[in-house]
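Read the single chain below, which is given as structure tokens and is the form predicted on its own.
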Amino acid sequence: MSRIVTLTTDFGTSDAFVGVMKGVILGIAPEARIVDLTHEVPPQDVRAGAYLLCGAVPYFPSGTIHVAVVDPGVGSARRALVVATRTALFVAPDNGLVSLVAPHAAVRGIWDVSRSRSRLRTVSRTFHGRDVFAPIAAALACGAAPAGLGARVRRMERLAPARLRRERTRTLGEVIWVDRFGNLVTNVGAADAPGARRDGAAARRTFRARALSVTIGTHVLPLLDSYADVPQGHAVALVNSNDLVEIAVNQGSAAASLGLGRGARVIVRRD
């Protein structure tokens, strides 16, 4: 059986951690197809890992196994989990890392695999990516059922949601991510626009049809279609590829130019 296994970590690539995890997976499930989502999650930044995972998972085939290791609690009493949704399996620490991509309504089952017999024989206190999560993912790739790997549990840790408030003529949110281009990604989605319908296609049409502006800090920006709709070096607000409002600078860094980052409040207003 050939299963896709994705890896999302904060390990970087200067050390051998990622390669070792792949070696463990391939040693158990040699037919697995491993895809690196990213290994550049900021160290110990669970919320950033959750955001990146959430934006990537919908584009993978049903049945993909997603291994996510951003684990500041490694070696502690925090649990290791397998979480099943209708379309995917997630192998991750129980710290909220998969809470955005597996909301309550989507979860089909949760299993505690902290002491699974499928772990490596020796489990270190500092590298559960190698000793716990990789072999569990490999067992799943070989066809093991989650129920055979651990005890079913009812709950998992979830991140507190970012602030979002919808009003009649405006929506208040915040910056949740700064990408490598310096773009400020907010938690205001297309369906959150003032007066928008709640389905994606109609919401995107609402953005295009209505005169909307985005306020961030002392800056008030029109919501346009693309980076190139403003001159080079100028700031612009737009809806990005994940249908989230984003503040950018054409061929520059909004984070650097505006002096703002994660947690900055934003207001999307109907003019």
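Throughout, we count residues from 1 along the sequence that is shown. Just so it is clear, the structure is predicted and the values come from calculations on it, not from any experiment.
Below: the form predicted together with a further copy of the same chain, not depicted.
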| Do Ser257 and a further copy of the same chain come within 4.5 Å of each other in the predicted complex, heavy atoms counted? | no
| request: Report whether the minimum heavy atom distance between Arg125 and a further copy of the same chain in the predicted complex is within 4.5 Å. | output: yes
| said: So in the predicted complex, is a further copy of the same chain close enough to Arg180 to count as touching (4.5 Å, heavy atoms)? | reply: yes
| Contact label in the predicted complex: Gly195 to a further copy of the same chain, heavy atom within 4.5 Å | no
| Which one of these stretches, 141-149, 125-133, 93-101, 167-175, sits within 4.5 Å of a further copy of the same chain in the predicted complex when only heavy atoms are counted? | 125-133
| request: Would you mind checking 70-87 for residues with a heavy atom within 4.5 Å of a further copy of the same chain in the predicted complex? | output: Pro72, Val74, Gly75, Ser76
